[in-house]
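Okay, here we've got a single chain as structure tokens, the form predicted alone, with questions on binding and movement later.
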């Protein structure tokens, strides 16, 4: 039995942010996550740190929140942000009224927007369409969501928090309108009972499933968005289409690649979020109007995430549903239960602050939030997530006794050794998937075709795997990679898929059963 002040459910940006906030206030907490860090929407987005300009038309409240929180994050966590700046550009056929009103809408929300000439915009971004007719410069940036959550987790752990990844919530025990215990379980069948004084549900789109375990329904909309990853970086800055928010509007540079999307499709469950060929075609066709080079670029992956939207009346399309967040106090039904959902990656810190403020009120604790001013430490745990870091380290060391296991991202044996140590208490589905999350291995152009075998063999040598455990782990990794490859099966991607099948299925018999 584990006893704690606060049980946090969900290991995304908000959940890990809640855990860090609690730990910095000296409040003991345990975080449980059924998968791994950022296995939900926090790991399936653009990695865009919003200036707020995207929402000046549809949701001024969220626009102002993004502006303020983006400024805070640039101050407290510059090491996980590439402050690229952004450009909003319109092309021939876009609404001239929206173009002219954009500056005033930004001004009303306190968001900086500088009008550029077309020549100035093309000088900053040569790949912009020659059909560009108007442009504004804004304060968008790129943020690494995986590194963000791992840094949150690391700092929380250093301040006393406990993390259980790979543990799924199975049930609550409720007595006198109060959660007295929660049972969590790994896929291997290991269970733990946790006795909390307060429970914070920070599971994003899965929040409604958690509340139902306590006999509570919240009204949510599941809006799936798909994004594509290019092999090379197509822009220096974040590019946005200068129009009312719609599909395929945003191109975000992330390290050596670009992430482009997104779509918006209503689904019945967040567990049904898979990309489709039609979405890929739509993204490429629409985004190429802003950046034509996309039509000739190699795509290496597509993935989907689910926006946790709070249902509102008369919102029209899902694009028009507000992007602000909700802190729900379930006091009338279950007195020690809080749900935090909605919002954006950019506003995770504010969301965590408000949820913890409410938890403190319920606990009778008078301790203020410090995350607005407390720098997020640059921890060794997340160092290999930084694009190019492994390559630089390998080239600097040039150690012939430290050969590369992943040539796309230049992840060497010493990197894998370092990461094996951090995964000692990992109870998630796959060590290989966890390794990729923490080092970018398997995420390069080959999508794990070669490096997965090298890393797997090395982990057998290290004693991490025994018997057929490693092959089962490899199947889980390849299944995840396949979800992002099959909507792209044409031209080079088809050739790559055939080679991967020959290597993995022909030699190792890893075809799915």
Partner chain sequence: MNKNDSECDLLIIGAGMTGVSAALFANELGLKTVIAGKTGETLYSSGLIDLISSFPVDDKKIHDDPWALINEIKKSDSEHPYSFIDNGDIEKSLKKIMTYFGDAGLQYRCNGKNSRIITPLGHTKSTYCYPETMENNRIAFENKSSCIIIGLERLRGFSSEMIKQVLQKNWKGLESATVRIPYFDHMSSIYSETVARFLQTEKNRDTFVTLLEPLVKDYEYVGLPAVLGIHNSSYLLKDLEKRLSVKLFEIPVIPPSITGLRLKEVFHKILHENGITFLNNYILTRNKDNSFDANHENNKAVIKPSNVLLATGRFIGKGLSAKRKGIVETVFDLNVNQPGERVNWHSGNFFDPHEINLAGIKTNTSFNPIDENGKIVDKNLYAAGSILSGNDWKRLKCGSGVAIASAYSAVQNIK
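Given the structure is predicted, the values throughout are model-derived calculations rather than measurements. Numbering follows the first chain given and starts at 1.
Below, we refer to the form predicted in complex with its partner chain, which is not included among the displayed structures.
Just one listed stretch, out of 36-44, 62-70, 22-30, 477-485, contacts its partner chain in the predicted complex at the 4.5 Å heavy atom level, and that stretch is 477-485.
Taking non-hydrogen atoms only, residue 400 approaches its partner chain to within 4.5 angstroms in the predicted complex. Proximity of residue 510 to its partner chain in the predicted complex: non-hydrogen atoms within 4.5 Å are present. The closest heavy atom approach of residue 212 to its partner chain in the predicted complex falls outside 4.5 Å. In the predicted complex, its partner chain stays beyond 4.5 Å of every heavy atom belonging to residue 345.
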